[in-house]
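Structure 1 and structure 2, given next as structure tokens, are two forms of the same protein chain, each shown alone.
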Structure 1
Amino acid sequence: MHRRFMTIWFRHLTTDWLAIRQPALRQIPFVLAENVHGRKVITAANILAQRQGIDCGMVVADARAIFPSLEVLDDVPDRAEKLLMALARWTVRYTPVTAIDPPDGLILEVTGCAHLWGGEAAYLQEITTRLATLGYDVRAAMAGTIGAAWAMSRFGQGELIAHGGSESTALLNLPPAALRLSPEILDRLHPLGLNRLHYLIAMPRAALRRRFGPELLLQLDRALGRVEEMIQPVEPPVQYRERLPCLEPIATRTGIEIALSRLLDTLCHRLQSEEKGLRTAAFTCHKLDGKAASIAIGTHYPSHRAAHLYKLFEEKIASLAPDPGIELFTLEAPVVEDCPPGQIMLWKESGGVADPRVAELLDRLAGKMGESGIHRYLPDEHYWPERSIKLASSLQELPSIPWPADRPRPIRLLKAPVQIGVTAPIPDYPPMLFRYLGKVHRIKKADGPERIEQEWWLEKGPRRDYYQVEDEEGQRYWIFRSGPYKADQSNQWFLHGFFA
């Protein structure tokens, strides 16, 4: 397929934007200016100011001499670029690949997009009309190369669409400046009378290279499609993305739900045929006023089940504010993993936690309560009780070491050890009795000590001597003495858990 590009030239980008925000400015000539070496230099002028002969690069004092009541506003240096970024995001409803072309242009790759609007002429018309309605003065052109489209949008007269292969004819009568050349080269071309591109195209390449350097040839080749030109899209292209434009703006929940389920069906069908499953997805609503609202979900297991994904999104639909109406829905899956169909059966037999049904349940719970509440633990190679377990990173992760079963561990472990009062401690043996929550427990049976050293490379602190003890009622506890035994009975004892 031949690639097609469109360039949009905003002739008065910053001044138009200000006029949209302050309608009063539409009626008067005004300029934007910034301080350069102590002088105020004009950086942008609106069309009324230009009619008075005021243009960029002039000093404000000179402009005031021409037109005394000129309105001068301060310019913000990177405003143009920010505006272009916003406009580039707005064009997502026409094409997925858009790049900005500072200081005043956009480059759209429109390969295979125009037929959705009934042909290239209608497509171009639609975009320029929409931008004009917003208040921007634009010229747009479409061609098979970025260079040709750029030249036509800036310098072309009449026809704004160059059909495949006719780029060179469209360029013949344009000035060399249409090739995006640096001012030095243009200055050298001008005295030679090379003021139309057809002179350059007819000349031998070797002569051009010798006299004007490689830049001229490169730009010429780019415009004619001999060298491919790359653009950097504003939004990185996502492989799994579906779009649903609407004929009429949608503002109801039912409408959004229908759009969502349609997009999910299409995307899931595609994922299924490629044996993939998505891990994250985002559903974005592009609204009439150029703003976008988005909801995102994540899954614990690659999924292409539309019904399940719909359920996850459904919880969040309420957070979308559809006013003043949605004109385009997009659904994209940035993270996609392999999901072979045989795997489902395999898991079913082994019946582990990686069962897709369990993963779907966790997705629903995480959607409502948040991901942070879901934990699964694996054994870790530490004796220190607080560090003997670690969080599993995924549902599929299996323990790297077996669960230790050779040492007694309490079924209930307190979040932090609680200090207890003890009586009659004996060296290397647990106390005769201890007091916990105001109750005295007389120790009848005891096991231990199990000495657990603090891992000094992780944390500093005294070691612990753990005892499993049972009181006269048969209640079993895990208590420890912090640090070595001291004869002056100043040892600190703690209760750390309850045995079953």
Structure 2
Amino acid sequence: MHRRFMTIWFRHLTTDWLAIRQPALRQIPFVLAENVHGRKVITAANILAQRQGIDCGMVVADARAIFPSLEVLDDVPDRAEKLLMALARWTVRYTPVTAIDPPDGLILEVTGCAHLWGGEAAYLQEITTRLATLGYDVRAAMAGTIGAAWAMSRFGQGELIAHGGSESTALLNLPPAALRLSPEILDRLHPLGLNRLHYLIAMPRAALRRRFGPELLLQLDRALGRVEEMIQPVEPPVQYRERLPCLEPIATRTGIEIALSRLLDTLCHRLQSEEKGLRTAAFTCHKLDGKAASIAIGTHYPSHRAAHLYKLFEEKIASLAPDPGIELFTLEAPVVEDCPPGQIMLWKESGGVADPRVAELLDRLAGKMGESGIHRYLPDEHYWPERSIKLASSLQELPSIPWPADRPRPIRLLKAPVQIGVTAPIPDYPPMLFRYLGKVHRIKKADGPERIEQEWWLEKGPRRDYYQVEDEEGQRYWIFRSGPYKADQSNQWFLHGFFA
């Protein structure tokens, strides 16, 4: 498929934007200006001011001599670029690949998009009409190269679509400025009478290079498709992304659910065919007012099962506000991992964390409780209890060492030990009682001590003597004395975990 591009020229970008927010400005000539070396210079003029002979680059004092009642507003730095970024994100409803072309344009790669609107002419008309409805004065053109589309949108007359390799024909009668050449080159072309591109296309390349340098040839080759021109999208394209435009605006939950189901079926079929599964996904609703509402999910294991993913999204659909109507749905999976088909077994035991049903259960729980409420831990190569475990990055991560089985460890280990008050007899004897959260626990059974030395190559500190103790109510705790026993001073005791 041949690539297709569209360029959109906003002829009065910043002044149109102001007029949209202040409708009274539409009826009067006004300009935007900024201070340059102590003088106010016009940076943008609306169409009514241009009709009075006022345009960019003029000094405000000179402009007011022409039109005394001219309204002058302060320009804001970077406003044009910010407006282009917002408009580029708005055009995602028409194509996923959009780049800004400062100071007043957009570049869209529209390959394979126009058929959804009934052809390129209808597609071009739809976009320009929508922008005009929003209040922008625009010209747009479509061609097989960025250079040709840019030239036609700024200087073209009549047909603004170059079909199937006709870019050279569309460029013949346009001026050299249509090639986006520097002012220095344009100044050298004009005295020679080279005021149309057909003169340049017909001239020997060696002569053009010798007289005007490589820039002219590069821009000419880009426009004619001899050299590929790259663009930098405002949002990096996602490989796994599906779109569903709406013939009529959708404003009901039922319509949203149907759209989500269709997109999931399409995306999951593609993922399954490529033996992939998604780890994160986002469902976005693009509304008529230019705003977008989105919900996202994550999975603990790569999944391409549409029914399971739909249930994860279903719990969040209520947060989507469809007013004033949704015109485009998108579903994208930015994080995708390998998910080969599992081997069918005649018999098997419980699969543990490798069982996809466990991962799906965790996904459902995470959707209700939040991802921060579910953790999986693996043993780590440390003796010090706080460092002996680590968070697993995923369900597929395997432990580097086995869980220690020679010494019992508590089911719940506190993130940091809590100091407790203890009554204990002579050294190496377990305590008789301890106080925790205002309650006295009398110890009936105890085992220990287990001495754990500080890992001196990581941190210096006293050793610990750990005891497993059981109180009168049958609750078991893991407590320790910090440092060696000293008869002349009280020792510090800490609670570090619970066995039940």
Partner chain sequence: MHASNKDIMARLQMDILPLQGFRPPASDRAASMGLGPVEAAFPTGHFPTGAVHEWMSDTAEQSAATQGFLSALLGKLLLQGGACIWIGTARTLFPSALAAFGVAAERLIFIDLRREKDILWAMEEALQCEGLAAVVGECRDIDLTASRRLQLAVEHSRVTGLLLRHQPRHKNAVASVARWKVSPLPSVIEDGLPGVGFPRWEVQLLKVRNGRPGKWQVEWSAGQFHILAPVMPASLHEPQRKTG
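Counting starts at 1 and follows the sequence of structure 1. From a predicted model like this one, the values you see are computed outputs, not experimental measurements. Think of the rigid core as the biggest set of C-alphas that the two forms share within 1.5 Å after superposition.
As summarised for this chain, the second structure is the form predicted on its own, and the first is not. Taking the rigid core as fixed, one finds a CA shift for residue 418 of 2 Å or more between structures 1 and 2. In the core-superposed comparison between structures 1 and 2, residue 302 has its Cα shifted by less than 2 Å. In this overlay on the rigid core, residue 381 has a C-alpha that sits 2 Å or more away from its partner position between structures 1 and 2. A C-alpha shift of 4.9 Å is found for residue 460 between structures 1 and 2, based on superposition of the rigid core. Relative to the superposed rigid core, residue 481 shifts its CA by 3.1 Å between structures 1 and 2. Overlaying the rigid core between structures 1 and 2 leaves the Cα of residue 437 displaced by 8.1 angstrom.
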